[in-house]
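Just one chain follows, in the form predicted on its own, and it is written as structure tokens.
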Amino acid sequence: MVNKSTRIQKLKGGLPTEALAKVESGDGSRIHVLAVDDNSVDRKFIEKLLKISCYKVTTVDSASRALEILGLIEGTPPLAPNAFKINLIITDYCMPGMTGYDLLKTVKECSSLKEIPVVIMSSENVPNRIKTCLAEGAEEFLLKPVQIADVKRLEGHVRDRKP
């Protein structure tokens, strides 16, 4: 019989054991990541990488849907407020309607959410775009395809925020 750990190692070609450890936030619960990407293949890929690394993951297909979950759509309460304590947001930069950069700015302008780390990802390596996102408060700018090493660094962004 193949256990879960062995299946995960087969999925990622022998992912190091430390990556399989439970990733926890300060209160002992798993770190909850809100992953935002309009491309379903990219969204499923980042979700799989995050779950393999033991993160709790909520995925959405647009920045406006992310704002709904965060309770930032005017007149809309957060969806299941206690169930959606988000510890980190990872978002694609280029999306129709509201971009990942717009989502970043909106989160950072909200006093109750500005401490949530936001990571931007993109398949386009545009230095001015990267610099602008980092200046606006993004913790990091990842180039797609996102790698397991990139996912490992995410925990540090949440841990760095702990008092």
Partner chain sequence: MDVIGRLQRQRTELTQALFKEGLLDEQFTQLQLLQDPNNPDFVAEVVSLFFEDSEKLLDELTRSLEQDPVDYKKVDAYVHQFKGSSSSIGAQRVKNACVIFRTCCEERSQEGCRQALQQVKHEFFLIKSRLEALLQLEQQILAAGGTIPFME
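Residue numbers count along the first chain shown, from 1. Just so it is clear, the model here is predicted, and its values are computed rather than measured.
Keep in mind the form predicted together with its partner chain is missing from the figure; the text below concerns it.
Contact with its partner chain in the predicted bound form, judged as any non-hydrogen atom within 4.5 angstroms, is confined among 132-140, 58-66, 98-106, 32-40 to 32-40. The shortest heavy atom separation between Cys94 and its partner chain in the predicted bound form is within 4.5 Å.
Although the partner is absent from this view, Ser112 stays clear of its partner chain in the predicted bound form, with no non-hydrogen atom inside 4.5 angstroms. At least one heavy atom of Leu49 is located within 4.5 Å of its partner chain in the predicted bound form. Shown here without its partner chain, the chain has Ser123, Glu124 in 116-135 lying with a heavy atom within 4.5 Å of that partner in the predicted bound form.
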